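First comes one chain, alone, set out as structure tokens in the form predicted on its own.
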């Protein structure tokens, strides 16, 4: 079978401590319920500097400078054992909040973002030196007077943009009465668009991809843009493609809570394998609501607030080139409606059922990429080590099936799992962060097979109590698929020539 390939990946982070304080759901709800909250007063002292966020080991792993397994060699807590990190990684970059405000303005198609004059001048200079956005930097206006920004906030319910306690701009509402277009929602949506564009720009640049070659974009973050008449109508995908110069692309948004990226990648693979499109980009931007989500627990334990970064990623799915890792569309797991939500039933549906179909044991998969949440974020909040819990369940099923012995359970977790290293941005950690590492390991001949397991909690929408999940296998390319494609093309040419010959002979007879 001629499977599609993963032709490139990109991962980006935005350090956003000011957006955390103003837009994070935990902070906004606390401010509404208890304006004099002790947590809110302590919060600023627990925020990290940009350099601290850059040097944090899991963040370096996310952008490709450190293999996830190498985190095991760094003493915990990781936040007390920083690296000499870089803002630039093999797969992407970490940007600071000031620069990101510039990206918000670049992504603003309706003149909703107002940035102060002197701040704008600084951003123009910085963006002009940033190769990814240098061309758009020239399009920035000269900025706004501070009194006009303050008036927008006071009289027209705009959302302020702060830098270290100083007002530097705002985001205006897009409608006077439509709550779906209020300033808070517009800021959320612009953050998704701008961070998604950062991910897609890095995908294009880091993998030498021509933006014009991308034919379809699937955006799979957790927000939904629209107005009162279609609250989730979209389209983030095309808006991100527009910023990134993907002139030949169309696209659409896909929503499925945390499992959305897995759904999107399966759909992208199917579109490419079916020949509908040659190159499909799967993209996701970050979620402001998830910033500081577990902040109360971190402050209570005298930790830095580690949920201070927005996450983004982009993955390009293309026709089989005989080189890049393939997506095995014949080894796809799904948590169907009738399966039930017991942990064992979920793991069976997503892991063992598709492997059984392919005649594979659980030990035939080198690495499982599950919900890769950073345990330093989740353990203090009482949620435990999510990746390790998943690996233990897979191992337990392996024991039950006879794939491994009971005494091998711990070894299986260590060998086939990895430490969580992704920010808790909902959809961001759901299997996708390891694809870049796995692709490189397969291209280097160091890995044969991985399984991505994406899961989601549909009950959050209050429409159903159902759970959700999708999985699939990524495998090193044997080169056979590309050869088969060539053979198929040759056959088509022969058939076409034969048909032309028949037609010519019939014409001659007439």
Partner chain sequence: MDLENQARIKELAEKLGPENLVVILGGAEAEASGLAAETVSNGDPTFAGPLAGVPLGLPAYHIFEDAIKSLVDPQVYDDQISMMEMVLDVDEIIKEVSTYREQYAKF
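Quick caveat: nothing in here was measured; it's all calculated off a predicted structure. Numbering follows the first chain given and starts at 1.
We do not show the form predicted in complex with its partner chain, though everything after this point is about it.
The shortest heavy atom separation between residue 166 and its partner chain in the predicted bound form exceeds 4.5 Å. With a 4.5 Å cutoff on heavy atoms, residue 228 does not count as touching its partner chain in the predicted bound form; it lies far away. Taking the partner from the other structure, its partner chain in the predicted bound form has a heavy atom within 4.5 Å of a heavy atom of residue 400. Within this chain, residue 233 is remote from the site of its partner chain in the predicted bound form, having no heavy atom within 4.5 Å. Note on contacts: among 393, 205, 83, 128, the single residue with a heavy atom within 4.5 Å of its partner chain in the predicted bound form is 393. Interface residue among 422, 347, 438, 158, judged by heavy atoms within 4.5 Å of its partner chain in the predicted bound form: 347. Exactly one of the stretches 382-390, 148-156, 220-228, 368-376 approaches its partner chain in the predicted bound form with heavy atoms within 4.5 Å, and it is 382-390.
Contact with its partner chain in the predicted bound form, defined as a heavy atom within 4.5 Å, is made by all three of 301, 406 and 462.
Applying a 4.5 Å heavy atom cutoff to its partner chain in the predicted bound form picks out 342, 343, 344 from 326-345, in order along the sequence.
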